[in-house]
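The chain that follows stands alone, in the form predicted on its own, written as structure tokens.
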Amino acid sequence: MTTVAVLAALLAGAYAVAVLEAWARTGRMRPGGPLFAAAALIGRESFVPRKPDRLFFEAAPVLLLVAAVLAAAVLPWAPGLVIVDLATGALFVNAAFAYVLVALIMAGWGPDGAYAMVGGWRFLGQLIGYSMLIVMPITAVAMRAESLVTTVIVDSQAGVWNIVYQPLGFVLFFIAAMALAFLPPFDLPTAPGELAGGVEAEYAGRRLAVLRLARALLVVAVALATTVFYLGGWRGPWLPPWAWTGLKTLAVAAAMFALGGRLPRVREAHFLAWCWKLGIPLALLNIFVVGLLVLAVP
């Protein structure tokens, strides 16, 4: 029953994220837009490129979907409302997100198309940049909670949320999460108007529908991770715990769309340089400051 409830919450979140993304892009709120788009894709013929690597081509959308669901499986929506409450849940989230790269490389290589391949390799450049900015802030979060269990991390924020306790870690994780979900200005793998869709360029019909559903679920997963690690998870007055988690998750996703839509696209080389020259030193500083606070403040 818990698994069904969490999966239903993820699908509802993906639907809401699709509505928010279209609103941020066009300025129009169309609640029925995702349904019409999904129906159009499902009803359209699903073309296959002339000389694809069929295994990679077919498996890439499914693997991206699985990676997003696996990451969300260890993130709690409320006390007891989590699919698997792993002892190493925080690390499992990072491990699941690593398969996003595998899925996009497969989506780029499988169709045997130039635009798709460029998009896949661009994402590899992004991963080299943001990967440490995912795991290092999680390390600081686990230091404060003295645990890798995601429910314990939420409980550790009973007094002060981590966004207040370690704001630098929140900013770094937020930027890395946007790059992980290849949201603007880090949308080089798809690059609308430049790569004709990039890793999506050779997909159509049902395959494209699965790929876009997976991307929406990935946005939900990174927003949910931000909520659990930095925004107190389900904590809040008056409303049920699951409602607070849902509202915070949607607020994080909306903030990502609003911020990304107002910034110019960042080249992977520049992003990599900024992450390694500035981001990683700041992440080390964040770990050092959190360590001092943990020792100094009971």
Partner chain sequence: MIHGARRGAWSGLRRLTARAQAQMLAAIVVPGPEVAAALGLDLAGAGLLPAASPRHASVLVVAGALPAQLREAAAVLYAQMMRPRAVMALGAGTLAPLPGADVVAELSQPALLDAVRRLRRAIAGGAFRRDAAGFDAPVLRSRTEYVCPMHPEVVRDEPGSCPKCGMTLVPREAQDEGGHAPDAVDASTGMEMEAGRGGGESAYTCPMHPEVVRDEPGSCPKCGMTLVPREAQDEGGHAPDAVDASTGMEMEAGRGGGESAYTCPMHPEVVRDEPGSCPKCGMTLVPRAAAAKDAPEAGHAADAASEAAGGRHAPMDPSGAEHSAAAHTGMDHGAMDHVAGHSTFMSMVAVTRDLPRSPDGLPMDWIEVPFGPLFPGLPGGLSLVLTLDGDTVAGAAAQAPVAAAAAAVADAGGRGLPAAEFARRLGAMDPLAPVAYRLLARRALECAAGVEPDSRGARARAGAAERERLASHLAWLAVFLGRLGLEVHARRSWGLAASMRGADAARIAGLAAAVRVLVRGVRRTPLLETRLAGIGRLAADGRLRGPVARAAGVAADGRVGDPVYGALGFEPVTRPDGDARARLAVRLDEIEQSLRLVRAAGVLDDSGVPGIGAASGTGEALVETPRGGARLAVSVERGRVTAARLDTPSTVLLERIGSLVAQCELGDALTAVASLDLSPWEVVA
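Note that the coordinates shown come from a computational prediction; the quantities given were computed from them, not determined experimentally. Residue numbers count along the first chain shown, from 1.
What follows is about the form predicted in complex with the partner chain, which we do not show.
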Practice prompt. Using a 4.5 Å heavy atom cut-off, state whether A40 contacts the partner chain in the predicted bound form.
Written response: yes
Fill in: Partner contact for G27 in the predicted bound form: the partner chain, 4.5 angstroms, heavy atom
yes
Worksheet item: Should P241 be classed as touching the partner chain in the predicted bound form when contacts are defined as heavy atoms within 4.5 Å?
Response: no
Worksheet item: Is R235 a contact residue for the partner chain in the predicted bound form, using a 4.5 Å heavy atom cut-off?
Response: no
Worksheet item: Though the partner chain is not shown, can you say which of A78, L168, M117, L213 has a heavy atom within 4.5 Å of it in the predicted bound form?
Response: M117
Fill in: Stretch from 169-177, 221-229, 155-163, 118-126 whose residues place a heavy atom within 4.5 Å of the partner chain in the predicted bound form
118-126
Worksheet item: Which of the residues spanning 203-234 lie within 4.5 Å of the partner chain in the predicted bound form, based on heavy atoms?
Response: Y203, A204, L208, R212
